[in-house]
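A single chain, nothing else alongside it, follows as structure tokens in the form predicted alone.
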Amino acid sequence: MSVFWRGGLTGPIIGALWLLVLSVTVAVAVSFGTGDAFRPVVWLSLLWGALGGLALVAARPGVPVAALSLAVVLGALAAVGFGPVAVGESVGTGWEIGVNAVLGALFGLSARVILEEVPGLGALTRHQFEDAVIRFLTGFGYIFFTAIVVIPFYVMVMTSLKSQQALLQNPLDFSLDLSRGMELFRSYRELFVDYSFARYLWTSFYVSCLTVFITLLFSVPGAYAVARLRFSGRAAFSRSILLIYMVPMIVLALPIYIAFSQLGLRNTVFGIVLIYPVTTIPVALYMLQGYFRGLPAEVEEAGLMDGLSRLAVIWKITLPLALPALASVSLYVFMIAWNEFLLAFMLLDDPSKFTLTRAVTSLNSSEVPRQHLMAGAVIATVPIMALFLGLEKFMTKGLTAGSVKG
């Protein structure tokens, strides 16, 4: 390969950008964890990162040596007020030295790995340069997208565990006062005792289960018909399945509200169970027809030749083979129904019929403490998150099993 770049430029540039990313990440994490003020110093992060990257490329130390060396260096710089992470007046110098030392260790561990393919200060091939850039972007992507997910959830959980007095004193302090003991969970206890959240959980659970049942009841035969049977308009029907799903629900909100009000279905759980499958059947049809097409038709034809009816073939042969897809579609539909908010907010006014998302919205009031709203959001989020994380592999397997025919 031809010479493309030089290690003497790649190391400092990537080092500077990477230390800036880590400085911001560490400062935010420590601030959230302790409630004290930590902030990244941009110009110092870029300066020390460039010098650190240059040293890592020139000296090429082992990963443990790099981590220890940079931890000592950044800790020493923090001691004289030139660390990449600065602290507020209320925070002691020991904290500043410790945080910058940890930052230096993290930088040494990760930057040495990122610059692994950079052989020195001399010429780099395109492959070596691109490998270093890809490693940097991969690390940045992990940090950035993890922060987007973790920070809001962390703020939500920590706020739900705060007392009203602590929130009024410092709303931005997300540290945890463990001396309160079981009083940390006071908001959760009051939600179940005073706000009937157990009933809302049960309502959302059985509404979601009924939505899954009704969706599968219609989508399984519909998807099978599109995938296996020959009838007039089959191709047009197959292409138009997702058109309904692509119409924004906000466009349909007013007609649905008017129709349900005239039919007496507004403010009833039956109306919710009736309308939720309308939003999930199209996507379930689309997902299942692709899977059914991937199943070998010869197995079903053998069943027909043995005297089974078409319905018997579906029940005894097709559905058992399609269990992974049915499970993944069921989980997907369950999550849609559990998290649905617009229709529940529009159609339900009676608190005794609220779903969980509608109940959480009712907590957004000046009369309800803010920690109760956050506790309600945690209650609504944790069950479906645990369900998804527990069945993620199974869901992925079911969604991709029919992607390759045969």
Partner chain sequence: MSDTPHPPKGSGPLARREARLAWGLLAPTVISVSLVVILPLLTIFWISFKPIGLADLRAPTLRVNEQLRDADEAEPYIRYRVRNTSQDIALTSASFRDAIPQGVRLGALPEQCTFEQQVLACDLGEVEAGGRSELRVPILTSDAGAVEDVLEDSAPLVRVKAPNILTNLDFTLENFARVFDGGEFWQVLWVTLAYTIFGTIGALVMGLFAAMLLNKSFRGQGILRGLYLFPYVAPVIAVAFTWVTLFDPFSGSANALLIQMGVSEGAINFFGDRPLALIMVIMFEIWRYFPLSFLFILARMQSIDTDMYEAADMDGASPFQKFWYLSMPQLLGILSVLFLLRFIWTFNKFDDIFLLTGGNAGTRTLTVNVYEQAFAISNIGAGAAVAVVIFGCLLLFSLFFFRFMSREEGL
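Positions refer to the first chain, counted from 1. Computed from a predicted model, the values in this text were never measured in an experiment. Superpose the two forms; the largest set of C-alphas matching within 1.5 Å is the rigid core.
Although not depicted, the form predicted in complex with its partner chain is the subject of the following passage.
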item: Segment assignment from 198-206, 184-192, 115-123, 310-318: heavy atom within 4.5 Å of its partner chain in the model of the complex; value: 310-318
item: Contacting member of 105, 77, 287, 226, with respect to its partner chain in the model of the complex [4.5 Å, heavy atom]; value: 226
item: Interface residue in the model of the complex among 82, 257, 270, 213, criterion: non-hydrogen atom within 4.5 angstroms of its partner chain; value: 257
item: Non-hydrogen atom contact residue 58 with its partner chain in the model of the complex at 4.5 angstroms; value: no
item: Contact test in the model of the complex: residue 368 vs its partner chain, heavy atoms, 4.5 Å; value: no
item: Residue contact check: residue 28 to its partner chain in the model of the complex, 4.5 Å heavy atom; value: yes
item: Contact flag, residue 350 vs its partner chain in the model of the complex, heavy atom cut 4.5 Å; value: no
item: Residues in 348-387 with any heavy atom within 4.5 Å of its partner chain in the model of the complex; value: 357, 360, 361, 364, 370, 373, 374, 377, 380, 381, 384, 385
item: Core-aligned C-alpha movement of residue 196 between the shown form and the other one, 2 Å or more; value: no
item: Core-superposed C-alpha of residue 129 shifting 2 Å or more between the shown form and the other one; value: yes
